[in-house]
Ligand code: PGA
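The chain below stands alone and is given as structure tokens, in the form predicted alone.
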């Protein structure tokens, strides 16, 4: 792959915040990649950018791209990113860290160019690199109603939990997406009925804002799920409201729960609402709390997923799995800042039969690469939201791939 020119610049994400975009020109064309940004972040995520900020990261990336100009990179499979990794390591040693968002964007744009060089789609390039067996379509995990850090500007109370999710179980991805869209439109009527004085708006991820309690919101979600034959999920994002003493101060009902009470509360919600999926039910350091909850609901086939707990970090994923703390894991490439590290996490999850959910971030861009990575790496689910241009572009990409290969 002959690199003619590369350029990094600052763009805005869906929250009108700064993020990074890189364009790369080769003999096969011009390729573009960009990075999303999370609002609710695990403290073990890699830093997004250099300690001096995004502008400095862009400056460093452009310096590095200058070194690659008019050079040939032999990237025949995803493992060959180690060539780039070594050069980048030496560069960072001299000039400073570029950050996880910048590294992920650089790797992603190079993989897009390498796939084209090999006359393959990005998903196919990844799939063929890791030999992951038959191609399968992930099921969408859709954020229907929001709360927590993703919902701002609501006067009065709002759910403490961050995401109230709908998860289809269909043979076709396109059918699943259509179901989620219809279901969210129906949920709008129910939310408005509960919030007669609330001007209904969407939050960061295109989910409905609401002034209802956690349980009232789950009641709405259950009615929606029953009508459309969908499964229910929660992203509790417990670390976003767990305090330094390990207590969970709920603003929604103005009460405190300790660690054991939080486990019991989660178990009760799983049983009452037949929850299929629960993400980060306890704070990001409580491996034993996750283990207790998983043990109590193991017969219900509920997925207990780590996100802030695991942060797409192989060591933390290994620890969680060996401790029987999770049976599912969120994978966010920019969370660890390396697709090589993502590959290691994927390999470990497959060997240990851990369900994988490839995920967007709340601050998204129009880059749809996460859709290709979800299929290429063999994800069980993809979490991209239900509504909004930055969400729909990823859903449409998977529908396009599904149409082409099935």
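Residue numbers count along the first chain shown, from 1. What you are looking at is a predicted structure, and each value in this text was computed from that prediction instead of being measured.
Heads up, the form predicted together with ligand PGA isn't pictured, but that's what we're talking about next.
Note that among 245 to 253, 157 to 165, 78 to 86, 297 to 305, the stretch whose heavy atoms approach ligand PGA to within 4.5 Å in the model of the complex is 157 to 165. Within 4.5 Å of some heavy atom of ligand PGA in the model of the complex lies at least one heavy atom of residue 279.
In the model of the complex, residue 107 stays away from ligand PGA, with no heavy atom inside 4.5 Å. When contacts are judged by a 4.5 Å heavy atom cut-off, residue 40 counts as touching ligand PGA in the model of the complex. Although the partner is absent here, residue 103 is not a contact residue: none of its heavy atoms lies within 4.5 angstroms of ligand PGA in the model of the complex. In sequence order, 361, 362 are the residues of 351 to 366 having a heavy atom within 4.5 Å of ligand PGA in the model of the complex; the partner itself is omitted from this view.
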